[in-house]
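We've got the same protein chain twice here, in two forms, each standing alone as structure tokens: structure 1 and structure 2.
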Structure 1
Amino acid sequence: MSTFWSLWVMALVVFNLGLTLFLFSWARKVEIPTLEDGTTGHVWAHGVLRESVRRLPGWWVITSAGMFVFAFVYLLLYPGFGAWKGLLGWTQHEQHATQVALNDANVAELNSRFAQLSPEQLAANPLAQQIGERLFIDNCAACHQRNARGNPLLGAPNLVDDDWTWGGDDASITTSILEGRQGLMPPLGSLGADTVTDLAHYVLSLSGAPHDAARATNGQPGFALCSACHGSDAKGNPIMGAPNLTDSTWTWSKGDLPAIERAITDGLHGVMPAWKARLNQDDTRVIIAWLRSQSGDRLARR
């Protein structure tokens, strides 16, 4: 704050407090002329209401005086009187820093306790579950849904079915979260609608879903193109995030024919943002713990 504005604020504060204090002490003592009957002569409602003179109640005077005292003490202790920093040296930024440090210390203490636990124990720890769920709701639920069951509109997978596209060990999941993941399946509509439908029936046959057997047979040779990513056994490839097509979990749909045709024709591109700017390893540990606690399959892992 420049000297000019500092003086400006000081002058206004002095003027304001000085004037009100003066009025407060003077006005209480000013004599109000009264008529013989003790009223001021002000009448309302054709004389039905008349104004008499009473002393201000003690509580009112004391409260008002207290406010002046408060104002002086406040301006002495805290910033407010121009550039005067206050005897306490309080600043908003420092208060924030103190609170953050306090919270960080609490969190660090918690995390060091969590670090002693095995992944199974952590997944069973109610406090870790609570923190994990909070973090998940705040950061992940918008795409993966609050119950972590995923959203086919975005290609956001179900995270509690123990079926992982990019790898289901803790390290892979941590990488998925901190670095983000982007699967890219190119559009293959150029194959022609008929071929696409054949391929789609073949894909359905892989997981034993209802399909047209003749068309699936027609589609099979063309799947060589798909195997490059989905693997010759169609069980997927975690390195490029190509999902397993032989199970009945689907990310982008419910696994119906039109949706699979659309996937082949238009391609797919799921975007999982990187969270390393917002979350750290401690956060991902409790998030994963919460996910594990929700999947009901805490032992089958790795």
Structure 2
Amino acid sequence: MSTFWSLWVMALVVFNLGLTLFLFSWARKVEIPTLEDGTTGHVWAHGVLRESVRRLPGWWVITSAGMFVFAFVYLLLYPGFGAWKGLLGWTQHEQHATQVALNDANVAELNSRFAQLSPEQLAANPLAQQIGERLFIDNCAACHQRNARGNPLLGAPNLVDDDWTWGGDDASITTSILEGRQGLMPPLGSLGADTVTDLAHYVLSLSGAPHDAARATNGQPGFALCSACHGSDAKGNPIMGAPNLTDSTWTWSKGDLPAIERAITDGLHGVMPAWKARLNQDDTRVIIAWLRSQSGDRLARR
């Protein structure tokens, strides 16, 4: 703190405490003019209520005086009077560092205990679930929602079902969290609107969704272009992040015809940012544990 600001703070402290102490002392001695009945003459409610004058109760005076003593002792022991550091030498930076170190030690002890548990045991541990939920809310819920059910508008998948584009084992999920993922569906609008519609109907047929059978038949040969990523059986490819098209799970939409046509025509680009700057391996374990607890045995089967 510069000399100017130190003096400025000191002047404010002296002025405020001095003025308050003066008013407190003066109020004890000042005489307020009163009428013979002991009131000031101020009335309300057509004279029903009259303003009386009474001395401050003793408990209030003692409490207020104690507050002044407390203020002076505080300024003597702690920073607050300009650049004065206080007799105790306390600083918020040191206290923060101490509390951070204590928290880190507690977290390390917890992680050491969690490391002894299997994934299934960790998923059943209430404390691991609580920590994992908090980490998920702080880092993942903005896209995947608070309940981890995903957000089609953002292309953020549901994390508590049994459908995993990039793989649902612990190692794959950990890589997704720490290293991030990028999924690209190239635009194929150059194929023409009719071909795109035929392809969309064929894709719908793969999962048994309502579709035009004739158009799906027309679109089947064109799917050879799509099979390079999604596979000849259309079950997807976790290595490339190409989703399974034969189930009823859809990341970017509800699987309706217009949405599929848009995806084929305009393409899609999904980004899962890397969180390794904020999270570590221990963090991901408890996040996965919480996801397991929310998904029942679906994630546990992975």
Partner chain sequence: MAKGYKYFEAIEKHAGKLAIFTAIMVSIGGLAEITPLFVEAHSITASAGVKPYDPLRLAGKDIYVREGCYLCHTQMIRSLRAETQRYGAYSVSSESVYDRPHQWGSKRTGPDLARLGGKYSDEWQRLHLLDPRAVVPQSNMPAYPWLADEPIDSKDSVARVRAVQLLGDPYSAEKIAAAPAALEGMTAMDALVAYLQGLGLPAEVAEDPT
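Throughout, rigid core stands for the largest set of C-alpha atoms superposing within 1.5 Å between the two forms. As the structure is a prediction and not an experimental result, all values here were calculated from the model. When a residue number appears, read it as a position in the sequence of structure 1, where counting begins at 1.
Peer 1: Looking at the two shown chains, say which is the form predicted on its own.
Peer 2: The form predicted on its own is the one given as structure 2; the other form is structure 1.
Peer 1: If the two forms are fitted on the core, does P258 show a Cα displacement reaching 2 angstroms between the two structures?
Peer 2: No, the C-alpha moves less than 2 Å.
Peer 1: Return yes or no for Q92: a CA shift of at least 2 Å between the two structures, with the rigid core superposed?
Peer 2: Superposed on the core, Q92 moves its C-alpha 2 Å or more between the two structures.
Peer 1: Quick question: how big is the domain rotation between the two structures, taking the chain as two rigid parts and the angle in degrees?
Peer 2: Interdomain rotation between the two structures, rounded to whole degrees: 22 degrees.
Peer 1: Where the rigid core has been superposed, how far does the Cα of I62 end up moving between the two structures, given in Å?
Peer 2: Here I62 registers a C-alpha shift of 7.8 Å.
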